Ligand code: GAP
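Listed next as structure tokens is one chain, alone, in the form predicted alone.
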Amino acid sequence: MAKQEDIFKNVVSHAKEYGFIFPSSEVYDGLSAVYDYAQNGVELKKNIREYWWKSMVQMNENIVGLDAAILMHPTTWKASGHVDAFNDPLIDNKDSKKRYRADTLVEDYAEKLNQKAEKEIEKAKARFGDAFNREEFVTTNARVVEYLSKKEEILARLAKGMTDDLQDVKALIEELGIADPETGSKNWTDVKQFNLMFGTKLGASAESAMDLYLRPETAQGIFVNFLNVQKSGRMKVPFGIAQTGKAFRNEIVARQFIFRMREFEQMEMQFFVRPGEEMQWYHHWKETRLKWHLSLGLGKENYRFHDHEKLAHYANAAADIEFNFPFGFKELEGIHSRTDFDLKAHEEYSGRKLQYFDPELNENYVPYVVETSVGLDRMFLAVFATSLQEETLEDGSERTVLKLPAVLAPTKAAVLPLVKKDGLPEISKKIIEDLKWDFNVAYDEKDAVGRRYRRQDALGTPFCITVDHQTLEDETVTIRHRDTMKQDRVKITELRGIIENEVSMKNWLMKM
């Protein structure tokens, strides 16, 4: 566990030192759980967003985009259930005065049991080698069976308590002996619900202002625009509407860097289908979304599905794609079959029909919806944390390298003149001028070339292009590959093709 904490601290430190993420308003000592994306972070975030958008919208003829307003009519949130039911179960420690999400305390306890089981599995795997049968071991090893069955029992009791009686959740925390993570105290208050929406005002004066909310999710903007998009785009069911944008939640227990923030960005797609066909599309999008994640090469072992046993009132199926963050497996993306709940709720509260006329069936109906929703900030953290690595080289030296998927890297290539004279800077800048039309490229002439390589490694730049005196003779340069540190001598005219082959979204998405 200590090692995981050290890794996470390195992630946070590296993100600040190399211009990816800064604490917001840091000159005023910051604002809890609010962060600014810096010069490199904003590029990485943009590239993740574009990678999602291209795969979701551009590559699907029946999915279109939307950018709905953050401010919506307040009745929207009454219809969606957020006014009455958008709550977190919170518990306070009487000694430390710290506040925690009660369900998270229990889930973290259950995850420790899962990690104990995984350690037993890994030890057996190392012992038996190729003869190891994971499925057989998991179902027959007494210790693993005990850990996993205990975990499932705890999560089932948590789900029941969250629905039936929050005092059962407190009793579970006390029964398990869960302590305050910071102080070790077990002196807990009762569990209480807390609404997460930020309130604001719309109007010229306090007396006439309308009470509004900052949207806690982007999905409702899609639902209320369902007919507008369908009719103006002449869309036929099944079709989808995709959106990326900011959402806001007054997280009392915001933590784990950008994993849980008060202001965050979502990438969502709502897919409208015929009633009765929702399950086949639900399974389709589960499979498709996992393939999208795997196309980035972050390691299949870092992903797993968590199928929900206890469903939200609007859903008839739900699953999370969980990712192995430095603090354990946590939700990265949700895939939900939301039935017709949202459109019917908005019909009821607005008094307007939100139905689709199906010419093939010759009937009107309210479509069912399958949702895919991934947090852009969580995706950033997954990519960044997994890519940050410490390597020991053959000569015994060490390097810090950010092995970002090349398609997402903020800067695709850095051009380095070997020395700051003899016309080498001029040739370097000419290469920059040529490449910058197609790629985000950087120029770096400060320090010895080896030190510049290390700096670009830490920034995640896939290629370093070194201009030297031989360049003056034959118009060739040295191109260095970040991950392997291999160096090739190539013609300047070949650079565009080499870089394009490594960073092309087409080449990466073709892996799906």
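Predicted model, so just to flag it, every value in this text is computed and none were measured. The first residue of the sequence shown is number 1, and the count goes up from there.
Just so it is clear, the following notes concern the form predicted in complex with ligand GAP, a form of the same protein that is not shown.
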| item | value |
| --- | --- |
| Ligand GAP contact in the predicted complex: Gln266, any heavy atom under 4.5 Å | yes |
| Leu332 within 4.5 Å of ligand GAP in the predicted complex, heavy atoms | yes |
| Any non-hydrogen atom of Gly221 within 4.5 angstroms of ligand GAP in the predicted complex | no |
| Any non-hydrogen atom of Ala110 within 4.5 angstroms of ligand GAP in the predicted complex | no |
| Region of this chain that lies against ligand GAP in the predicted complex, out of 291-299, 159-167, 354-362, 334-342 [heavy atom, 4.5 Å] | 334-342 |
| Non-hydrogen atom within 4.5 angstroms of ligand GAP in the predicted complex for each of Asp95, Lys186 and Val191 | no |
| Candidate from Val383, Leu90, Ile258, Val144 lying within 4.5 Å of ligand GAP in the predicted complex - any heavy atom | Ile258 |
| Lys286, His346, Arg378, Lys403 - the one with a heavy atom within 4.5 Å of ligand GAP in the predicted complex | Arg378 |
